[in-house]
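Heads up, the chain shows up twice below as structure tokens, two forms, tagged structure 1 and structure 2.
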Structure 1
Amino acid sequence: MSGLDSAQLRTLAAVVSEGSFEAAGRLLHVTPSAVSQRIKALEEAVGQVLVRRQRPCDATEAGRPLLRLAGQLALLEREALADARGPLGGDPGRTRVAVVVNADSLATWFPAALARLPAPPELSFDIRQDDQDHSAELLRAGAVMAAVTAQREAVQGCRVRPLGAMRYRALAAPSALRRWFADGLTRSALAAAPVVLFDRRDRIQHRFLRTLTGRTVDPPVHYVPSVPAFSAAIRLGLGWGMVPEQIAADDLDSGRCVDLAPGRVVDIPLYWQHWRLDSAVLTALTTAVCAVAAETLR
């Protein structure tokens, strides 16, 4: 293969980010037929199927390295163009910054890192949300340029930096404490009391149960995939759950919730992984993220 066509790579990235050939065509101002022809030509050049034709479209295993390359080239091209034009060269357009972050970081400290970035260059944030144990998968797939993740081993082609640990406390409403834990945190009480989980990937509560009991416990579960609603469900007595201490503080101070096991916490180490790329945008973003994390996390 002699080389890769940059227009075809941009089209691949558009199909995956927008989810369909039609939406990619609207983004690129071309017809869906032109999108299809570009993808087909790229697949013929590579000799592999690169896009799963589904709703939404997704990159295949063979397409992932090219998706990452497309994002890296787009970032470097935009920065090089801005440098070449200089301060009087006009607006080169906004740079898209795609990052995946776990929900609790997104609800607490991470927005402050975005706000700390210097104004130039103009950025457009594309923030994805996923569990910290799985967020590196989007980085591996080439869909994002950086991730807040619990994975400390660097994804291929990426750099990793420790951020600190997010501390979780076991919270319950006073009514839930009286109802299910009148005799304390016994094994039978922990097996019977409902637990609130963010989603089916959320394992922090089960990790806490194992530290208390030394075995696997399978209590009733409520799934509440929203940070505000998650905390509200606990305050209303639907069950107990692990809450980041930054969010837990107000409920504990007001008496709306109690700490089920004072002194017993779960610390989740977080890491910042990003493309191994000489990019002003990535450097600035990494500096801001690490600085805010150092002020906020354990």
Structure 2
Amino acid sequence: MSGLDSAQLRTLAAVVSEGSFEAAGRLLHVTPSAVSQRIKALEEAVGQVLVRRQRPCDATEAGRPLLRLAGQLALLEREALADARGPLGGDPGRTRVAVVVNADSLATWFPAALARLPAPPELSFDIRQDDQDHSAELLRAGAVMAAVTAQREAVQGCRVRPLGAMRYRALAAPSALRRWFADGLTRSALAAAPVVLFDRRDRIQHRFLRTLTGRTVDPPVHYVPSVPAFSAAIRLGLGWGMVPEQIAADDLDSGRCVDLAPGRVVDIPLYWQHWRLDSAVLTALTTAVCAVAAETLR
């Protein structure tokens, strides 16, 4: 530990995970002023400002390696204690399992992986939803121990495994098909028909347009950053959009939506990035995630 105080590291982790000195104090059963003193002491020991004092509190660049260290130590310590005490050694508290997952995986296959873990009652899941950019940031900062992401390059300090691809189909309501695509998927129709995007970083629809037309098309857009609202907007005829096949199936079967270009799909490969750490929880989670992904992804 090279002189670093483990209570101070735990306090750093609590301040960032809970977002404020007050909330960290509640979690650790100490006063906010004790939290503040520990953070100051740790900052003096390291010689760097570690916490950005704002709402919510965040780790500085210098604070991130320490935050990751704190998370890794907490996990290893807890597992060593549980091993030392044996199965009848009493309740060591719940192990926090922090994972960031892209929105479409979270809305479809990922919860089943959590349910498949052995002895889930001893775990406390802290799931975050995000896109791949932010995911790498959270991994680097140690705020999460693993991520489901489209980023294939291993994040610093992490191992990466391919999970398979999520397949997207171009869906539209029958009314939208009649209104904008009466003459088929012509380039002018694709430039005029509104497209539903998840958010400003969502490039799946534009990738589909490029493969279809061979060039960049710039149609009118609606931004709808909620998985259920995204498919509802398409069902209601506001525009067309790329929907994961797991979500599309119901709307296609019921006829509420049609596949704009059957056979023309976009596959987004997904990866499991996780801390390089010999932890029982992380190993079990990796096994469960890979198993469920193998059953549901391409």
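Basically, rigid core = biggest C-alpha set you can superpose within 1.5 Å across the two forms. Fair warning: this is a prediction, and the values are worked out from it, not measured in the lab. Here, a residue number simply tells you its place in the sequence of structure 1, counted from 1.
As for origin, structure 2 is the form predicted in complex with another copy of the chain and structure 1 is not. Here S175 does not count as shifted, since its C-alpha moves by less than 2 Å between structures 1 and 2 after the core is aligned. Structural comparison between structures 1 and 2 after rigid-core fitting shows the C-alpha of S188 displaced 2.5 Å.
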